[in-house]
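The chain below stands alone and is given as structure tokens, in the form predicted alone.
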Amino acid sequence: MKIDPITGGIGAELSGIDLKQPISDDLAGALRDALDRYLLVVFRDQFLDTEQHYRLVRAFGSPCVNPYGPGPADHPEMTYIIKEAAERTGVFGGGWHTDLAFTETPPNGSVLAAIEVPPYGGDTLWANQRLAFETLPEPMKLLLEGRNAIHVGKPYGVKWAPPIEEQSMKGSTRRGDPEADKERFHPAVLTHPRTGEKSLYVNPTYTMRLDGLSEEESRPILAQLFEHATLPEFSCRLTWSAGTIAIWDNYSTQHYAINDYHGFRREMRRITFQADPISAWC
């Protein structure tokens, strides 16, 4: 297996392996080690069928159902992310975020496969939240460590649901769920259970406030954190091609799907996984 870093801050392309073949224990361990180090690993020209996609996911953890984007009955863990050529408003995953941070146990990571991509556009950005925490001023670190951040599923709930015309391309994505409006408390700083490295765990899509502070008091602090967390030095931009696979650590990164391919169809398939629950990162 050959590893080529994508940037100095995050991500690596892995080559020299065929993910359509069975994954040995040794290979699975090497893939997990690469993910722990680079937080985002990318493979090209890997045209996986459904069973092969699941097999790759199981090398990292247990497939889990996204309650807000479940797949069909025969494989409910697989979320289909499709934007048709005629659709212009909204995009699945637009805006910096970590997946399902507003749930009780957000997934550890995701395996996302590109099925059909536009001739240009539709890239995805990722940002390294280890570097984001590491480079914070010491007073900010002291403010955040040992403190919870409160997350709410704004796009999926009732109170903050987007206008109906912006929901058309979401397909099976669940909207208007009162459960998504509930506050969820997660540490603002997570500690990786294997490497011991710390990551910032707040994001502008779901994080409402810091525990012990009101929304108004939290707003300037969070605004500073959101800007800092996605600096170019911490980030990479992935240009997709059909057959590209991206796997990322959802607790140590943020990502952003760019909506700049109007008039073209894009289809992705994603399965999230759970290995170490967020309680193990405290």
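Numbering starts at 1 and runs along the sequence shown. Note that the structure is predicted; figures quoted are calculated from it, not measured.
Another form exists, predicted in complex with a small molecule; not displayed. Remarks below refer to it.
Novice: Please tell me whether the candidate spot formed by 53, 76 and 273 is one where all three residues come within 4.5 Å of the small molecule in the predicted bound form (heavy atoms).
Specialist: Judged in the predicted bound form, none of 53, 76 and 273 sits within 4.5 Å of the small molecule.
Novice: Work out which of 97, 184, 130, 209 lies within 4.5 Å of the small molecule in the predicted bound form, going by heavy atoms.
Specialist: Result of the distance check: 97.
Novice: Name the residue from 205, 124, 103, 148 that puts a heavy atom within 4.5 Å of the small molecule in the predicted bound form.
Specialist: Only one option qualifies, and that one is 124.
Novice: Might residue 180 be said to contact the small molecule in the predicted bound form, defining contact as any heavy atom within 4.5 Å?
Specialist: Answer no; every heavy atom of residue 180 is more than 4.5 Å from the small molecule in the predicted bound form.
Novice: I'd like to know if residue 268 sits close to the small molecule in the predicted bound form, meaning any non-hydrogen atom pair within 4.5 angstroms.
Specialist: Yes, contact at 4.5 Å.
Novice: Does residue 81 make contact with the small molecule in the predicted bound form, using a 4.5 Å heavy atom cut-off?
Specialist: Yes, residue 81 lies within 4.5 Å of the small molecule in the predicted bound form.
Novice: Does residue 200 reach the small molecule in the predicted bound form if we count a contact as any heavy atom within 4.5 Å?
Specialist: Close contact is absent here: in the predicted bound form, residue 200 is far from the small molecule, nothing within 4.5 Å, heavy atoms only.
Novice: Can you pick the stretch from 248 to 256, 41 to 49, 24 to 32, 220 to 228 whose heavy atoms fall within 4.5 Å of the small molecule in the predicted bound form?
Specialist: Only one stretch passes the 4.5 Å heavy-atom test: 248 to 256.
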